[in-house]
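Shown here is one chain on its own, the form predicted on its own, set out as structure tokens.
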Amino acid sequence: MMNNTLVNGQPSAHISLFDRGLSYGDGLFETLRIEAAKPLLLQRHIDRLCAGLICLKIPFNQMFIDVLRAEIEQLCKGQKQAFLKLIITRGAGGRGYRAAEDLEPNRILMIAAAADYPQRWYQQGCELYLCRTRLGLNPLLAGIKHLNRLEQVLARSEWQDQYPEGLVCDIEDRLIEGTMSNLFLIRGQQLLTPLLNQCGVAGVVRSVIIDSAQRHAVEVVQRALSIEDLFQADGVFITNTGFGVLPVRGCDGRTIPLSPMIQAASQWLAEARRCES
């Protein structure tokens, strides 16, 4: 196991009981897809991580990022297909919410086997579950991938494995995301995606789709979306690092059409993975 894990650059599967990531969820994480020993879309993951570090006021510098890149490269060697989970915590130190100023952030890297996603999901679309759990509003933390994911844990506990993913709304019944994915609706030649200024995670693949759509003269609108918007769409897909772009054919027992634009989005992601990795 320790051959596939690093803690602060050393093979290990252990961390201090006093780590603030464990005590308070005081940290961030990224999940990277590895293909042919390369971490895909690495710079986008690094950029989002840095944005999160700034938001949480966890100190870092260019040397910290360079060391992190070297450790990622080290763990990726020899990996044909895998996932790499990267966790940064504020460090270990004492009781209480106020963090000491001299804490050293901890770097935790773990390799896991790549998930196997059924081809029928990509060919025929998948059915989504509509979660009852609601996301609270917190503009300060909106967009970043912090370690506090209890809302997602509760939402995911609502169904077994008959659905690949569930959609969650915020406390004002606006559609926000999946428990582990971002959401896109197609309306004509336009892409709609939830505005994530109050809650939710701004995914790396989401950023690829938004940037690529704009390069291909496809308008992307980020705004509040309702459940009715979902069912009135000409097509729906969800995105994340693991499964990429996944077509949706239905949710909550209602049918959603499959749009040709979903295939275009898949091609945009494939192109970005080739060019940015």
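Because the structure is predicted, anything quoted here is derived from the model rather than measured. One rule holds for the numbers: they count along the sequence shown, beginning at 1.
Heads up, the form predicted in complex with a further copy of the same chain isn't pictured, but that's what we're talking about next.
In summary, among the residues V218, L56, A233, A37, the only one with a non-hydrogen atom within 4.5 Å of a further copy of the same chain in the predicted complex is L56. The contact residue chosen from L196, L130, A82, I87 relative to a further copy of the same chain in the predicted complex is I87, the criterion being a non-hydrogen atom within 4.5 angstroms. Within 4.5 Å of a further copy of the same chain in the predicted complex, a heavy atom is found for every one of F18, R98 and R149. A residue is said to contact a partner when one of its heavy atoms sits within 4.5 Å of a partner heavy atom; G136 meets this definition for a further copy of the same chain in the predicted complex. Interface membership of M180, defined by any non-hydrogen atom within 4.5 Å of a further copy of the same chain in the predicted complex, is confirmed. By the criterion of a heavy atom within 4.5 Å, Q119 is excluded from the residues contacting a further copy of the same chain in the predicted complex. For the chain shown alone, S266 is not a contact residue for a further copy of the same chain in the predicted complex, no non-hydrogen atom being within 4.5 angstroms.
The stretch that touches a further copy of the same chain in the predicted complex, counting heavy atoms within 4.5 Å, is 152-160, out of 203-211, 67-75, 122-130, 152-160. Contacts with a further copy of the same chain in the predicted complex, taken as any heavy atom within 4.5 Å, map within 4-29 to T5, V7, S12, A13, H14, I15, S16, L17, F18, D19, R20, G21, L22, S23, Y24, G25, D26, G27, F29.
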